[in-house]
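Just one chain is shown here, as structure tokens, and it is the form predicted on its own.
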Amino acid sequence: MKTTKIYEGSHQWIMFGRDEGKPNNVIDTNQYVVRTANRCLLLDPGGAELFAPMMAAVLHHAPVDQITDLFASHQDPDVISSLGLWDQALTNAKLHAPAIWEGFLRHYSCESIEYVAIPDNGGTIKLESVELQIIPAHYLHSSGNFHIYDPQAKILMSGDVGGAIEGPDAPVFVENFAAHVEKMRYWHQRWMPSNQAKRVWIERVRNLDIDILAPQHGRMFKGDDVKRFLDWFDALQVGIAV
């Protein structure tokens, strides 16, 4: 599994992905870790099939007893079907996830991990001195959905928004936005059901200072490509409008 450090300051952001060992019929995903001195937060830690390589990769950066928090942006299996395995591996951890999905996510087995239900209006996750903002992203594409913004690192982990289907050898950052657009178009038109929800999200995130937009699939956006993506997404007709 490819490991890319995307921010290093008083804390770190690390991206894990491009798993060459995954089956061809399993969608590729990006997993993110926020690492402070003594704690570690896994963002959308992935499907059950990724648990072993993901655990091995994370342990290069933190001992298992410092993996204290997990975040699930929504309920999909590519995001969190590994929950039952993390539940067995972590003895004192919390899962921050949408309140409306608790009864569903517990089907993945959540017995040891404490479920911290996120209300519809979002909230914060505090890791030592780092405070992350939980940004509502409902209906993009799940009816209960959140993204994570780090105002210090200026990173927005944007879940399925910004996603594209890529091979394991693809770069981790967008290098040519115009060429990348066609890899995103069908993804967003099919999986994002509502122009209204899209506009609400765009208005919200345009007020954030973002250096890196980090989706759950495909490449990350940095610098001017963040605004290019927001402008492109704003103009795109999606879901039932298509």
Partner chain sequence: MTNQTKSQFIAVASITSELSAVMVVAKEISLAAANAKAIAFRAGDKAKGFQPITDFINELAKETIELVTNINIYALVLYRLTVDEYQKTVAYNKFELAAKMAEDAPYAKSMQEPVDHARLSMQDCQRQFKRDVSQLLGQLEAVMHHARAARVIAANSRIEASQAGEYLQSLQAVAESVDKAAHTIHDNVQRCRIALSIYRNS
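Everything numeric here is computed off the predicted structure, so don't read it as measured data. Numbering follows the first chain given and starts at 1.
Omitted from view is the form predicted together with the partner chain, to which the following refers.
**Q** So if I measure heavy atom distances to the partner chain in the predicted complex, which of the stretches 46 to 54, 210 to 218, 170 to 178, 184 to 192 falls within 4.5 Å?
**A** Of the options, only 46 to 54 has residues within 4.5 Å of the partner.
**Q** Exactly one residue in Val33, Val205, Ala197, Ala62 has a non-hydrogen atom within 4.5 Å of the partner chain in the predicted complex; which is it?
**A** The residue from Val33, Val205, Ala197, Ala62 that makes the contact is Ala62.
**Q** Looking in the predicted complex, any heavy atom of Gln88 within 4.5 Å of the partner chain?
**A** Answer yes; at least one heavy atom of Gln88 falls within 4.5 Å of the partner chain in the predicted complex.
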